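Presented below, as C-alpha cells, is a lone chain in the form predicted alone.
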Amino acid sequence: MIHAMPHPAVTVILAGLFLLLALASLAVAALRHARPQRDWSELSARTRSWWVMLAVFSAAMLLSPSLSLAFFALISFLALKEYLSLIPTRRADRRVLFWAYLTVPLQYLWIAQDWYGMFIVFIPVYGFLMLPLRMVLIGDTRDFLRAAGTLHWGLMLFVFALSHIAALLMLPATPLAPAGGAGLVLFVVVLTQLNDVLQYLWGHALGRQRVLPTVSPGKTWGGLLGGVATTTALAALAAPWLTPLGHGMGAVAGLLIGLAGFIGDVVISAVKRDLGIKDSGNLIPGHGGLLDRIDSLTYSAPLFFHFIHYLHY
C-alpha cells in the first residue's frame, strides 16, 4: 500500500506543474492583450480546463489510497460510458451494459486487494468469455460479432488498460523508489500529457510531412520525433526522482511512453474517423470529451506498468 503522506518529490513536481500552468495562463493573457483582434477563446478554455484537471489530479495524488482508487475507477466508468454512447449498439445489448459497467468496480476491487492475478486476467479472460454468453442468452444473433467485439474492445481500453494507472499507484515504496506508486503515476501521466503537447508544438515548428494523413492529418514526423525525443530527455531527468530507474533506463521508459502515447492517440483518432466525429464529447471545454484527453494513456499506462513491474516488482 502507498503511504498516506506524499513523498516530497511528488509535492515538488505538482507544485512545479502549477507554476508552469500559471506561466502559460500569463502567456495566454499577454496574447489576448497584444492581439485582441484574434479569437483566443479556445486556447483560454483549454487553459482553464487544465487548471481544473491539474487540481483534480493533484488531489488524487495527495488523498488516501482508497479515495485515489475511487477517483481512477470513476475515470474508467466515465470513459466507458462515453465510448458506449458513441458506438452503434443493438437494442438487445442494452441488457448487457449493466454487466459491462459492473466490470469497473470489480476490476478496481482486485487492485485494492492487491490481487495481481485476478487484476491481470479478469477482463481479458473472464470478461471476454462471459459477456458474449450473456449476449447469447438474449437470443439476438444479428450483428453479434460486431457487437461483442466493440463491447470487449471498449472494456480492454477504458477499464483494463486505464486501471493500470491505479495498479501503479498501489505499488509500494522501495529504497530505489521512495516516492512509491504516486511517483510512478505522476511520472507516466505527466510525461504522457506533456508528450501530447510537445508533439503538437514540435509539429507546428517543424512539421511538414504527415505520419498518417488519412487517420490524423495533424500528426507530422517533425512533431512525432521532436515530441518523443523531448519526452525521452525529460524522463531521463525525472526518473531517479520518481521511479526506481536510473537515467539510462528512465530514457528507455520515456521513449516507450512517447511512442505508446502517440499510438494511443492515433488509434482513438481512427475510431472517431470511423464514427464520423471530431471530438468524443464536450465534457472538457477546449479539449472535447474525456476520451480525447486520455487516449494516449490507454497505451502508455499498461506498457509502462509492465515495464516497471518486470524490472523492479
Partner chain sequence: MNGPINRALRWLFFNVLVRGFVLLALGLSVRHRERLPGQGPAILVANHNSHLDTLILMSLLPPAQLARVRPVAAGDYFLRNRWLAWFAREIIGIIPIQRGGAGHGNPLAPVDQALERGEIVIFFPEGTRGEPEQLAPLKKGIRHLALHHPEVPVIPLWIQGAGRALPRGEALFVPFFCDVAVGHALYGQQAGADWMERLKRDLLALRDSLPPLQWYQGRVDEDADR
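Numbering follows the first chain given and starts at 1. Only a predicted model underlies this, so the values are computations on that prediction, with no experimental measurement involved.
There is also a form predicted in complex with its partner chain; it is not shown, and the following applies to it.
Of the candidate stretches 208-216, 109-117, 221-229, 96-104, only 96-104 has residues whose heavy atoms lie within 4.5 Å of its partner chain in the predicted bound form. Proximity to its partner chain in the predicted bound form, taken as a non-hydrogen atom within 4.5 angstroms, holds for one residue of Ala92, Ala173, Met156, Leu194, which is Ala92. Only one of the listed residues (Ala236, Leu131, Ile87, Leu201) places a non-hydrogen atom within 4.5 angstroms of its partner chain in the predicted bound form, and that residue is Ile87.
Within this chain, Asn282 lines the site of its partner chain in the predicted bound form, having a heavy atom no more than 4.5 Å away. Within this chain, Lys81 lines the site of its partner chain in the predicted bound form, having a heavy atom no more than 4.5 Å away. Taking the partner from elsewhere, Leu74 is found to have a heavy atom lying within 4.5 Å of its partner chain in the predicted bound form.
Contact check for Leu275: a heavy atom falls within 4.5 Å of its partner chain in the predicted bound form. Applying a 4.5 Å heavy atom cutoff to its partner chain in the predicted bound form picks out Arg142, Asp143, Arg146, Ala147, Thr150 from 142-178, in order along the sequence.
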